[in-house]
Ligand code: UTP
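A lone chain, given as structure tokens: the form predicted alone.
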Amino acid sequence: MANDRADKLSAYGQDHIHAYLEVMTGPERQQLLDDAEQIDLEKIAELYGSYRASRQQGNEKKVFEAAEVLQLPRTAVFAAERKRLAFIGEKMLREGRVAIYLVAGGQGTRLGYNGPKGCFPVSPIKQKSLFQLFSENIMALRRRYGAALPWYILTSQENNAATCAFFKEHNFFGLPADTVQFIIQKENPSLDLDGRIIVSPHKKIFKNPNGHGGSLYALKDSGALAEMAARGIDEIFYFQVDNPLAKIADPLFIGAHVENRAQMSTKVVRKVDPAEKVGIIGRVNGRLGCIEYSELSQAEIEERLPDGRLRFSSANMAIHMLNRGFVEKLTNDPDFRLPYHIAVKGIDSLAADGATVKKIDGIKFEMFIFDALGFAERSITLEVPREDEFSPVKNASGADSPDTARAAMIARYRSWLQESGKLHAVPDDLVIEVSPLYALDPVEFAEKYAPPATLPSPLYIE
């Protein structure tokens, strides 16, 4: 058995692993052996081959085009169409044909937070975590539509235990525990530039999550897709953990997606600052996808249309509608597989002496969910107001930070107060937070809200 393992490692150029095993004893040795045996060496060799090929061929010439965007602003002109599409989405929700899928495998390291990013406290007054805000949104949606709307949460090997413990500690924020399912994302070994598997300072194979594109395969591997089919769920609302303004299971978005029989659809906000480093939904060599900021030339980044808008302005929010049948096809057909993207990054590596740690250039392989757009025969790209739906928490300070997200939340709730028509004026310095369990949107807020004689600040409404 040991000889078979040694031969196989050697056949795939990974016999260096034996040098580590020779200097390890007991549990460490067994841990590394167990890790190595779980690796698909044939797949790793194939991925490294793709890295070598990309190095030899150089960068592929790409032609970029702007995507067709559906715009439905909240104006009288579009009121009837918005109502019609939202009615379709609400019907889907009431019939229980929509599942909710949150990608939450990241840690809060960049925020200076020790733990899963979803546990990070973000709301302006109550300091609710991202997970609590999403939970309250989902509870309110279930109450409104009288449907189960099962919630699937993608975690990582790194944060799954802490995420599950957080939900249990908070009694799932009032949601029935059996309606929330955690799925662990798979990982890929990272390689050095010679194609050899890297051993981490923890004396294990160094692995990285297989990217948000891997979230689709996780649905299949976990049995979630089969479960959805058995429950009559046809559509999946997908979003990522860092956006507290995400309008979860938005009926308008669902309606536009279903009305057009789309297989995968995307929400975008309009990019107004050329310097904003954000992916753009557009066409790459004729196929719909996401254009990375670094792929555009400076001239393309700054190019404007006759009306003054940026030509490449459809900023990706990482919010999608996915048809379940489309995801099944994508994950079952080997000729339909998402491509791997390759990144070379500094990785802490254990030397073969089993003691020395050094940083080396390592190759990471990830799949991106937006590549699935290129396989969709029909797709909708819906533009929504940034101030209503997008303020990601990515950095500890500056742009896309907790401070900017809290300011955006306060501004949104102040606008709800103003739109309600129940106050002559809303103070500019009013700090306000509205619980999702009180209102999910300005219409519901206006129906419920009765202002007090004096308006306190901070103001929390629940």
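Start at 1 and count along the sequence shown; that's the residue number. It should be emphasised that the depicted structure is a prediction, and the values quoted were computed from it without experimental measurement.
From this point on, the text means the form predicted together with this ligand, which you will not see here.
- Heavy atoms within 4.5 Å of this ligand in the predicted bound form are found in exactly one of 107-115, 254-262, 331-339, 270-278, that being 107-115.
- Think of it this way: in the predicted bound form, this ligand has a heavy atom of just one of 158, 90, 366, 389 within 4.5 Å, and the residue is 366.
- Distance criterion of 4.5 Å from any heavy atom to this ligand in the predicted bound form singles out 209 from the list 282, 244, 124, 209.
- Using a 4.5 Å cutoff between non-hydrogen atoms, residue 103 counts as a contact of this ligand in the predicted bound form.
- The closest non-hydrogen atom of residue 394 lies within 4.5 Å of this ligand in the predicted bound form.
- Within this chain, residue 219 is remote from the site of this ligand in the predicted bound form, having no heavy atom within 4.5 Å.
- Interface membership of residue 132, defined by any non-hydrogen atom within 4.5 Å of this ligand in the predicted bound form, is ruled out.
- Remark: all three candidate residues (154, 185 and 240) come within 4.5 Å of this ligand in the predicted bound form, counting heavy atoms only.
- Panel note: the distance between the CA atoms of residue 107 and residue 121 is larger in the predicted bound form than in this form, the difference being 3 Å or more.
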